[in-house]
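Just the one chain here, the form predicted on its own, laid out as structure tokens.
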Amino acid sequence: MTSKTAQRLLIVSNRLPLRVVKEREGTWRLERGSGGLVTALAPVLRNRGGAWIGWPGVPAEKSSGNLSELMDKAGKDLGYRIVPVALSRREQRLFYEGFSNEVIWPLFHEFPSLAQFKPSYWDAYRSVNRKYAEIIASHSQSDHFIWIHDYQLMLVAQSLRDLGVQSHLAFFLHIPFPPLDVFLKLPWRLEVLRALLQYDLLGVQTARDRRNVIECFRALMPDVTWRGRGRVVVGQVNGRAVRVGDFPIAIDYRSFARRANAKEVLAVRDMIRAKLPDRKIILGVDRLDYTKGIPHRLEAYREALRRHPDLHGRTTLVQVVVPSRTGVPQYRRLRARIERLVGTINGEFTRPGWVPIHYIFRSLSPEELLGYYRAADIALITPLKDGMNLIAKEYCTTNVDNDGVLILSEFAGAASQLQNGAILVNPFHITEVADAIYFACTMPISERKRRMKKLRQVIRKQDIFWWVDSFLRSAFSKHLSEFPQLEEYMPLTSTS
């Protein structure tokens, strides 16, 4: 791909890659954001030029003072333009907290009973997507490549086409796409599918997600014809082509591997191991969310302790829960349930010198998180449903001694890539997960090393730069006859 093509790039996401911190009345400070999307795309924009469009993180009613000036300066420091989208408190509440997180999030993670199908949420979602489109249109040209991200902005392409924008539009969904019987429950299902068809390339995380997307299109929009096999298939819509492909997102392997040996990280690792000597340390790290399966995991560890008494005093589960949406009643109830379970299990099994579960409810610094990765003998990653789960990839990458074990939910997107080295489990099957914990705790060192080497090899080969390159190459591949060549730089382990 030429540098000229790569420079014509606009990235659009719900949030900017910056965090706004209020210092005093009328003044602000900006901090660089973190997370998978920022990690993935910031280097692309720095190296190839472009702009990032998104919400700055503060309501429009408060975005006064020096915020605009800081945005301009941040763009110069980052090496790409920062374009904020102003959203009011009401818009953010109805569009983001409402439709995005109370409709799409539970539905696409296959928890339809938790979805709140309120018409006011849908109206706000359409309105805010239109607002994003207007900002994009004012900053784009016909030869720009516009890459829009995630479930909050599925309708943007439709609004851009209505505004007359003819640029190449691509979309990547970072969460799962549900099967037809679940998607059908969305009252505005046809409007969402019509909007998605306005993109030139629609990317999802896994082959399963791609099959679900195509199944929904075939069932609800029979006028669209599909052809092609493998990672990318093509639909014909009113004389234009729409491509749908799976591109599993990744991490910066080299950065994580290098930072794993930093002295601050090693100090955390040594401190943890000193406080938990002669133990198999089992680590769970999750944001507070019902999709992560934390109560199920705790129940599985309890079952392992009941079924295998030789684990008593020899294992410790360190469960880190990062606070999220703590003001929402449902999340407060989830936290209370987790903490009751931790107390109950510790009450049942604790003895002098041994507490089975160490529970942490706070965010960890990057050095702390990597230190816990380095200290852990086993990573217990068991979401009930997850788009990818980069924690699993981060743990394996930082396991530079190749002696850790990954227990991974088969419903995490990462399972298709990591199946040959991880112990895959059904997180709803408590006994199966309990036995997997025991298997991991008793696994010979030679087997641990063999498995971990496989995992790290896959993650190293399919890193974040591979993800970006494979997506952009597919976006700029204009003819169906070119698609078989994608396998040359898209050597995924999963099957279609």
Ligand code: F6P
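Residue numbers here begin at 1 and follow the sequence given. Computed from a predicted structure; not experimentally measured.
The following text describes the form predicted in complex with the named molecule, which does not appear among the structures shown.
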| item | value |
| --- | --- |
| 4.5 Å heavy atom contact, Ser416 and the named molecule in the model of the complex | no |
| Close approach of Arg307 to the named molecule in the model of the complex, 4.5 Å, heavy atom | no |
| Contact label in the model of the complex: Asp150 to the named molecule, heavy atom within 4.5 Å | yes |
| Partner contact for Asn101 in the model of the complex: the named molecule, 4.5 angstroms, heavy atom | yes |
| Segment assignment from 181-189, 119-127, 93-101, 352-360: heavy atom within 4.5 Å of the named molecule in the model of the complex | 93-101 |
| Position in contact with the named molecule when the complex is considered in the model of the complex, options Lys73, Arg259, Arg279, Arg325, heavy atoms within 4.5 Å | Arg325 |
| Interface residue in the model of the complex among Arg273, Arg218, Arg287, His168, criterion: non-hydrogen atom within 4.5 angstroms of the named molecule | Arg287 |
| Arg15, Trp105 and Ile175 all contacting the named molecule in the model of the complex, non-hydrogen atom within 4.5 Å | yes |
| Sequence-ordered list of residues in 193-217 near the named molecule in the model of the complex, where near means a heavy atom within 4.5 Å | none |
